[in-house]
Every structure is written in structure tokens, then in C-alpha cells.
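Below you will find one chain, with nothing else, as C-alpha cells; this is the form predicted on its own, and questions on how it binds or moves follow later.
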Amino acid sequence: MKNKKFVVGLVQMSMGKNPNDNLKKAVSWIDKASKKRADVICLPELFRSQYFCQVEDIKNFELAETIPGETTEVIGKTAKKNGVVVIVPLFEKRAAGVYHNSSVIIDDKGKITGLYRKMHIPDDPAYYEKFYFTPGDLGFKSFKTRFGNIGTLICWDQWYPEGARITALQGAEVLFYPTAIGWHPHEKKEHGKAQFESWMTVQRGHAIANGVYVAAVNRVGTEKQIKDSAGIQFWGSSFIADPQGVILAQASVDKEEILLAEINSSRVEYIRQNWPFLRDRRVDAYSGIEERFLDGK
């Protein structure tokens, strides 16, 4: 197998209240990442706005946009100028009353070459995503780029081994997880350490179980959608893990930064040769996985 290498760049950033400012800021970070020789660059989930899902407010649907649209046009020009692939997470307006939490793949020519719609939609305190987002209907997908095969899932998808597995089985060498996750400040002291370690552990497990790289990119800062609320303290800590679950690079908890790591296709093959989990899967014995619960069957 050809020893193909490329560099991923994760843009860990904070978001302000003005979507246009966030877009300009993202473009600036993409330029910086490309200068650091990143080939495939990923932005955080819903990067054009603060995390509005803390509240259920119909006015927030005004933040949604079509694909293609303003963001894909602007970032397409930046991708073409720099010769990079960019993963662009968006609040997609598909039709009147139908909205998705999506990621667009823009290639190094500035063209849209892929679309993923978040499959798992949470509904937790201050994460009221079911109010806004229709579950994805495109399935789990791997996308071919000039640099390599990539998969892009989104945030809550992080907790589901099925999504990681199916994406890897389609040929993805890197699983990208654009993310908006943080602590409820009043819970941080008691539960914060366990929550954060669970987040890291489950994604490292996806890397190990599938023999792929995992790249998770988060936002930073505290955001409050209700003035007197505690809001959410986003924990940053974006990271890239190799196919053995080894952390290659990890960002800070609270700083905006670019995280870089090299992806090596021969490393994927080497790990899978030594840990042949895909070879030993009992595909004949997994009936029932498609059921919600087996009820003692």
C-alpha cells in the first residue's frame, strides 16, 4: 500500500453573537491553518453562531441557511485559494420547516463534494436540539478527497459506536467530529472530570476498534443564551488520536488555536494487520443490532 500522508488541522475557536464576524474569523483561521501546511481543515459544530440550542426559540431558525449558500460560497473561495479541503458544519435550511445540523465537504477546488446530516439528535438540559434539527437521512458516509478518505460525524454522534463503525467500513481513514460540548457550570465540580474523560475515552475507543484516526474539534468560551442562566462552559480540548488510540495532539481547555497532526495511511494498515478487529467481526451473528431493544429475546 502506498504510504500516503496528509495533515489535518482542527480550528478550535470561540463564537461571538454576530454570524458574519464568526464567518470572517473562521476564514482567517483557515488561512492560518493552511499556512501551517494543513491539508484538511475542520471547524467546530455550528460555528457561525453561539450555541443557540440552550433555549427553544423560534427566532433562532433565522440563523439557518441553505446549502449551497453564503457560508459555502465564502469558504469555497478560501479553500480554493489555499488548495485545502474544509469541513464546514452548518445549520442547514433544507426547506420550510425542515432543518438539519449538517457538515459540508468543500474540496481544494472550492466545490461542494459531500454533505452529512447529523444522525443522532440530543435533547438534554441546555442541549435542546430536537426542537431545531430533523435527524439526518443520508446515513453515515465516507468521502473521497484529494488527500485521503474522510468521514464526518457530528457531536452527539460521538457516543455511538455504530456510526463510527459504518463510516470506517466505507473506507474512511479519519473520523472527524465537529463538536459543541461543555460543562453545566453548577455540575462541573461533581461531574466534570468524569464527563470529560468519558468523552475522550469513547472516541479513542472508536479509533482503536476501527483502526482509524479520530479528530474531534470543539469550541471554547462560556456562552449564555439566557441572561441570568449559568450557560455552558465549553471545554475545548480538541484532540487527534491515531488508530491505536494514542493522542497525537490535544488543545487547551480555553484558548483559540489550531491543532495539527499527520495522517499516515500505512499506519492504518499496520495497526489493522496487528489488531485485525475488522477481519474477526462475526457479521453472521449481529442480527438484532438494528432493534431498539431486544426485550429479553
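A quick note: this is a predicted structure, and the numbers were derived from the prediction, not measured. Residue positions are given as counts along the sequence shown, with the first one as 1.
Just so it is clear, the following notes concern the form predicted in complex with a further copy of the same chain, a form of the same protein that is not shown.
- Remark: of stretches 80-88, 167-175, 105-113, 222-230, the one touching a further copy of the same chain in the predicted complex is 167-175 (heavy atom within 4.5 Å).
- For the residues Arg94, Arg146, His120, Lys188, the 4.5 Å heavy atom test against a further copy of the same chain in the predicted complex is passed only by His120.
- With respect to a further copy of the same chain in the predicted complex, the three residues Ser198, Arg281 and Ala285 uniformly fall within 4.5 angstroms at the level of their nearest heavy atom.
- By the criterion of a heavy atom within 4.5 Å, Ile75 is excluded from the residues contacting a further copy of the same chain in the predicted complex.
- In the predicted complex, a further copy of the same chain sits beyond 4.5 Å of every heavy atom of Tyr128.
- Taking non-hydrogen atoms only, Gln244 approaches a further copy of the same chain to within 4.5 angstroms in the predicted complex.
- Of the heavy atoms in Val98, none are within 4.5 Å of a further copy of the same chain in the predicted complex.
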